[in-house]
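This document starts with one chain, in the form predicted on its own, laid out as structure tokens.
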């Protein structure tokens, strides 16, 4: 809980994507202004960029959370992305001030300082809130000083130029590099880079499935005492090598292929994460709890439309082994009905789970028609 005497910084912008320059400005503001916290506040629709092709808010919020989670004094506010329509900073800052009951310092880049007097209800914004200005590469610091002096004289605004290290990178440049297939490593946080690459490769429809698996895997990990970050990473990469055309061979092979890509392309070294990716298609004997979580999250994520999915999902959320046993039994039944071979790893997983479950867990379990109706995920 923030002290009523403390101040928080609110850093506004598109963050499309968030990069190391943003994080350095926020860290400088924390130290230089003795702030309790910095909230990154991604815009929904900027008044001056209403026709811009901006990455969906959900993705920008997710990337910000990935980028800031290692710093307990960073946070993400969805006050603007939760609100439909154009984002007006004065409304958002007032909302946050009422919510936190503390002073607000609005953090912005030098390029935005030039335009701020043109913003909606600029006089109210500049008289009610203090500003902290991050210096960007190419900014004329003398010009920034002149602009700040003019605003102070006209509105009485408290404006603090930040002594941040200018990083020669912008979100616009990063998007151009990625579009051209150029590396953005070391310019954005690693998890954000992986997220963007998976999103680009999978396309909108499949990536929507991946995000649902991530959310459910992270939630299940918290429920069952596993590491939510590891679960989310494994879920993010689980379908990286999935062939959009489908087919039995790729359905079996894309798990191991994605695990190799995770190791070789994204430097994932955690064997439990790699195994959760590798075995999410077939299962195996001796699956770890993380493996079970990713396997089940992929199977019962909210976009699935199998028969009796709600009942099955309830079992998976109550007991990992019981849920996995039911899923694998139905998978075996489905494959046999279609005249397809059942993977030896699936058979081994079924036998292993049967031995692991307690006698009381075996009572009253019925087969559910999970694979009676499939979607294409």
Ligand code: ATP
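As the structure is a computational prediction, the values presented were derived from the model and not from experiment. Numbering follows the first chain given and starts at 1.
Below, we refer to the form predicted together with ligand ATP, which is not included among the displayed structures.
A.B. asks: Tell me, which of 261, 116, 135, 105 has a heavy atom within 4.5 angstroms of ligand ATP in the predicted bound form?
C.D. replies: That would be 135.
A.B. asks: Which pick from 71, 120, 172, 145 sits with a heavy atom within 4.5 Å of ligand ATP in the predicted bound form?
C.D. replies: Going through each option in turn, the one that passes is 172.
A.B. asks: Partner absent here, but in the predicted bound form, which of 287-295, 147-155, 172-180, 191-199 has residues with a heavy atom within 4.5 Å of ligand ATP?
C.D. replies: Result of the contact check: 172-180.
A.B. asks: Should residue 161 be counted as a contact of ligand ATP in the predicted bound form, where contact means heavy atoms within 4.5 Å?
C.D. replies: Taking the distances in the predicted bound form, the answer for residue 161 is no, it never comes within 4.5 Å of ligand ATP.
A.B. asks: So in the predicted bound form, does any heavy atom of residue 112 sit within 4.5 Å of ligand ATP?
C.D. replies: Output for residue 112 is yes: heavy atoms within 4.5 Å of ligand ATP.
A.B. asks: Using the partner position in the predicted bound form, report whether residue 21 sits within 4.5 Å of ligand ATP, counting heavy atoms only.
C.D. replies: Because a heavy atom of residue 21 falls inside 4.5 Å of ligand ATP in the predicted bound form, the answer is yes.
A.B. asks: With the partner left out of view, is residue 79 within 4.5 angstroms of ligand ATP in the predicted bound form by any non-hydrogen atom?
C.D. replies: Residue 79: no contact with ligand ATP in the predicted bound form.
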